[in-house]
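Encoded as structure tokens, the following chain is the form predicted on its own, with no partner shown.
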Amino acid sequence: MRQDQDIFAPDFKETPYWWEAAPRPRREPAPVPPRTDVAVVGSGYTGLSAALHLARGGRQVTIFEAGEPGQGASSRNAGYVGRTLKHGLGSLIESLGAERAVGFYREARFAYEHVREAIEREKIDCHLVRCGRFMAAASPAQYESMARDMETKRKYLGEESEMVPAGETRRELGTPSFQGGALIPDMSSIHPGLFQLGMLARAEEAGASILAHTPVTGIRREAAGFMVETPRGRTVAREVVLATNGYGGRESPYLRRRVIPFHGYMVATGELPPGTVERLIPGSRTCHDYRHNLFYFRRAPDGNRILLGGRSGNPTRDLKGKARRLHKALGEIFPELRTAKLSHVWTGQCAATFDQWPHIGEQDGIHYAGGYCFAGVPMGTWFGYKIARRILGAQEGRTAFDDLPFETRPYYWGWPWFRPLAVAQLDWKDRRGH
């Protein structure tokens, strides 16, 4: 009990910090319509982006949400907006050739620019800031690896970056914990909860309707399109968009065998003494280390507290226990925060894939996107837009990711029994300095 009193603020909550400024909207369950042009399953970035552009294209759009609108990862993530992929550009060039490798990274840039343009065009007040990103190296070997990666991106993509040597790290982070790092000056941050609410408002203004507390339990082909089944009734849809990412289930056995859900965790400090945040993260960057199972940290939009995420992987019923582990990591990264109190801890379900690529496609006539591998803000929003363009018959619906085979594994049916082993392997690599 004494430890709880030392670590947790009196108003500590096991809900996202983001929900303070962006509480989840409450919607009374509306009647399920007998027919709709497009049924969109999921009200996160992908589903709302698709719904917005489809509704503006003249389609009747019905969004099905299992809980409150946007209660999943879209209102729980760190709010990083970048153009990175899990596959390094150098390794892709070696395996796929320069043209195709560059094509994937150019698509990631299109996704990044699309999010910024959408926020500005739609006038969504979600604290969009071009703050830059700092990737912190724990060792000289990591620093050299980053330098090679940044040089490859400069050569093939024209992307600007700066290597910050160990002796100058404190200009980016007020901590002795790292040995320099790489600064990418034009990456951005948002308040993810406010972005989701803004997209929801624009989609509804365009004419899309949302059915809260209406989980989709099955989809089957019919002569007129697809029968979409829910506990509250059925609807016939000409088109279906699956946009559930890590929250999918019985509605799509195909995706369930290919998307690997995992839990991300974050904490927020309480309000810190004046000058503390500016001293610890002086450039307001979004930051992360270079671990395999990485930690990521940033200023909160209010500028008075720090948010940290990490320890991703396995689910837990003990969020306070996870908060203690993240508090320890926070103190190791920023020794000045060893006595800081936590105001929030939360979790959300992300999604990976076996090949570590985000995927977009069509299976048996059903459109889908997901498996974003920590790039859900840009890629999810972009893929939703692309699906809408495809349904509307526009040529610009294609992406560089269209021809990727969507892999699964024997004996995988949606429950990632191998997840603890995978997390343990990542942690082992981090301890070994790989």
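Residue indices: 1-based, along the sequence shown. Keep in mind that what you see is a predicted model, and the values were worked out from it rather than measured.
We do not show the form predicted in complex with a small molecule, though everything after this point is about it.
The small molecule in the model of the complex is approached by Gln349, whose closest heavy atom lies within 4.5 angstroms of it. Interface residue remark: Ser343 is not counted as part of the site for the small molecule in the model of the complex, having no heavy atom within 4.5 Å. The small molecule is not drawn, but in the model of the complex it has no heavy atom within 4.5 Å of Ile184.
Among residues of the shown chain, Val41 is one whose heavy atoms approach the small molecule to within 4.5 Å in the model of the complex. Stretch-level contact analysis of 404 to 412, 387 to 395, 31 to 39, 62 to 70 against the small molecule in the model of the complex, using heavy atoms and a 4.5 Å limit, identifies 62 to 70.
For the candidate set Gly198, Gly79, Pro261, Gly180, a heavy atom within 4.5 Å of the small molecule in the model of the complex is found for exactly one residue, namely Gly79. Of the listed positions (Glu251, Asp289, Glu172, Glu239), a single one reaches within 4.5 angstroms of the small molecule by any non-hydrogen atom in the model of the complex, namely Glu251.
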